[in-house]
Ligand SMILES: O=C1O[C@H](COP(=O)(O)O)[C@@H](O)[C@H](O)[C@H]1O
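Here we start with a single chain on its own, the form predicted alone, put down as structure tokens.
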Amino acid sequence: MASCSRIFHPTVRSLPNCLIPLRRSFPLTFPSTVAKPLSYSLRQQQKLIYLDSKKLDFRAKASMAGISAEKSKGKVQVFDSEEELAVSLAKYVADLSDKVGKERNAFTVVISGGSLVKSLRKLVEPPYIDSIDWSIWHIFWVDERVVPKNNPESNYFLAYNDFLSKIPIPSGHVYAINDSLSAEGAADDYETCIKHLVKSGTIGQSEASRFPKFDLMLLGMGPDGHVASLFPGHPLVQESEKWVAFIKDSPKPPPERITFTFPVINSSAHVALVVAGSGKADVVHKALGDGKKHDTLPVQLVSPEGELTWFLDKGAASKI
């Protein structure tokens, strides 16, 4: 059986592809724009208090094999603009990185595609670019399109251009899929990679579920309520055993993807759901409970063992 080592070398073929460091260099200079201080208007403070008072203790009913649809209490934060959301998200991530770094020598972060990467932009500006210990970061993807890494539809491509190329993270700590494999092969390879890292102690493991326990999972949400590549009504929503699954008939192109399953998502220590824009207000309204019965949305099945925090701008929160 292949084993994982802290020392990586591109010629080691016994390791899963994602354990082989990607060849790239990082700039030695960084943006100098200073992040704006976080501030709240009185109206925003009142809305935050109102949302907290509701306690968000609600349940989504669903018949699913091995997956509980009970929604744990989450913390909801609403910001007057997407800019303020990005500032607060950067502080949240930086504080968590510092906390985890004092406990162990690895901070495992899972990111998604779409607008989520844009929302991380403040992390590459002072004070965070200089204060975060990037050497302990390990980056994973909650889902990925099975396309070449230089394809604009690749989540890796987006993350590299807008985030990874601007931070001094070790190349061996970025775990991309093997894009030369089929969707099924890429999913199996990525799961094998995760299992090696759990065995080595880089990734924690949930005592309750025995699934990998990532320190932080940063999720976006589609206008149909999908998270990762887990879409409404798709059989993969019910997957309860696999860590990484593949999909060949995604309702959103490109059709072939790999995705973490809900048991992995929900074993996380911290999950941040980042949603911006009025185009998602209806789904946010349904997801956070409007007192009416709806078909269960995938986003409603995000119920981590640890902490769940919603980051919403006023557009996304306009109907709650």
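Here the structure is a predicted model, which means the values were calculated and not measured. Heads up: residue numbers just count along the shown sequence, starting at 1.
Although it is not shown, the form predicted in complex with the ligand is what the next lines describe.
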- in the model of the complex, Thr202 touching the ligand (heavy atom, 4.5 Å): no
- Message: How about Ala228 - does it come within 4.5 Å of the ligand in the model of the complex, if we only consider non-hydrogen atoms?
- Response: yes
- Query: For Lys280, is any heavy atom within 4.5 Å of the ligand in the model of the complex, or not?
  - Reply: yes
- Query: Quick one: is Ser115 in contact with the ligand in the model of the complex, heavy atoms, 4.5 Å cut-off?
  - Reply: yes
- Task: Identify whether the ligand in the model of the complex is within 4.5 Å of every residue in the set Gly220, Lys252 and Arg257, based on non-hydrogen atoms.
- Result: yes
- Interface check vs the ligand in the model of the complex: of Ser97, Thr192, Asn155, Gln77, the one with a heavy atom inside 4.5 Å is Asn155
- Check each of Glu125, Glu84, Glu239, Asp143 and return the one that places a heavy atom within 4.5 angstroms of the ligand in the model of the complex. Asp143
- Query: Pick from 125-133, 180-188, 106-114, 161-169: which stretch has non-hydrogen atoms within 4.5 Å of the ligand in the model of the complex?
  - Reply: 106-114
